[in-house]
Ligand code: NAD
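Taking the form predicted alone, here's one chain by itself in structure tokens.
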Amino acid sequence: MTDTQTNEVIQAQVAVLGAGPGGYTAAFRAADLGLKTVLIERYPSLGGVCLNVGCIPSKALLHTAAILNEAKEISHMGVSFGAPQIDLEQMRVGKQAVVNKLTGGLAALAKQRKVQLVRGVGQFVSSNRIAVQGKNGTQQVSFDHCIIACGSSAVKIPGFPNEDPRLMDSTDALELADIPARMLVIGGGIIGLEMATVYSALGSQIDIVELQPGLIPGCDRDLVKPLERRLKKQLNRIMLETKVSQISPQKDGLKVSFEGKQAPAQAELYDRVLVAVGRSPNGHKINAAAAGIQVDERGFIPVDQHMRTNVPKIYAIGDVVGNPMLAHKATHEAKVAAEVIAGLPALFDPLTIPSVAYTDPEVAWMGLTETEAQAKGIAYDKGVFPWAASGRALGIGREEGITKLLFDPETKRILGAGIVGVNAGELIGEAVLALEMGADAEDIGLSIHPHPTLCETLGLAAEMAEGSITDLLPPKKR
């Protein structure tokens, strides 16, 4: 990898703007296909939000939270631990070590592939050139093809005291500046609930406020209920159909006023407030107009199945092209863009993109949801296996989970799946593969799963749909 900052114009067959999961994947794939590739990145480390201040560090902290919670809950097996001694500085060091290992690995892979790295903030100046403003001035990158992978940014709510360091976004929360005595999480989606899980385990008293009627909007309610029941035992308060009307900085905290169905009568004082209400695409931050690139009013860049924008030879991938804003979506789009540029017959046409909330318990789903099926009038058969009948779940003391599969009533092919429980995110991959391969209920049920495991709940759910289950009474056929 060459880290470049000179005054000469750099010529690239492929310029990639942004080095997050999508950007570095696109650059590496393009280089592997024999194309001279330049990777433009504003931050010191490769990996973008996900590796540096998102997916990876949050999972390291969530693992720590899970260990803390398990230690508290193992007393039913005759094992008791004392109060944990939390060294916050060492926790930060441990979290950063995980990040450094991954980002360092990416730097090595880029060097091995001879991907040229240009550091700085990149903006288009024409349809074949990007100006990169770095520490030592502006560098020009001229390209034959470009892949935009500029990502997204945390949404800031107008009218809030956004300059106050006690008002945090997810990046701030992952820095672990302290363990606040009282903390409010604005937003009951995946990011908010994951951070609530971490800080609650570390000892903070957590309140959550969510505008919608339920947590994790868009996910089936039966999957969210086990998580919500557990959270209610761990957190101080969950306020649904409620919003924050005002935040006033005080010397001793942030004074928060609420309005809505479950709003407290009086304003509440918090040491810190985390705003986790979503992310906004960065399409308006790259001077796309100079290249003639279409950007919608929200900041998304429309693309086709080949990841092409409206400008020939300019492609876009990842968060900036639309929801869901997930790293695993970006990496697959990245390979498509690089392969199309190299002349290969590639397109982005997945049957599903799985989603996972790495809470405790985890919630994962893919394909058609039951909520969506009901709203659209889509017929389906359903097989649900409760983890209360799973020997493995009982053995680890976590029988609150369920595994649910949806099937086409005519063809019996799988349409969707949802899992709530320990390691649901690790289990959902089987359902994704089943959908992509066109498996039906019998295929899944007849596949011999190891026993006792949590993964066998997928086979048992399929047997529930088929009516062939013996571990429980089969449901009556409709």
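Note that the structure is a prediction, hence the values are computed from the model and not measured. All residue numbers are counted from 1 along the displayed sequence.
In what follows, reference is made to the form predicted together with the ligand, a form of this protein that is not presented.
- A single residue from the set 113, 221, 243, 313 has any heavy atom within 4.5 angstroms of the ligand in the predicted bound form; that residue is 243.
- Though the ligand is absent from this view, in the predicted bound form it lies within 4.5 Å of a heavy atom of just one residue from 231, 336, 325, 291, which is 325.
- Looking at residue 358, you'd find a heavy atom of it within 4.5 angstroms of the ligand in the predicted bound form.
- Remark: residue 189 counts among the residues lining the ligand in the predicted bound form, judged by a heavy atom distance of 4.5 Å or less.
- In the predicted bound form, none of the heavy atoms of residue 227 sits within 4.5 Å of a heavy atom of the ligand.
- Mapping the unseen interface onto this chain, residue 119 falls outside it, with no heavy atom inside 4.5 Å of the ligand in the predicted bound form.
- Although the partner is absent from the chain shown here, none of 184, 247 and 253 has a heavy atom within 4.5 Å of the ligand in the predicted bound form.
- The stretch in contact with the ligand in the predicted bound form, judged by heavy atoms within 4.5 Å, is 212-220, chosen from 397-405, 303-311, 212-220, 380-388.
- Taking the ligand as positioned in the predicted bound form, the residues of 273-292 that bring a heavy atom within 4.5 Å of it are, in sequence order, 276, 277, 278, 279.
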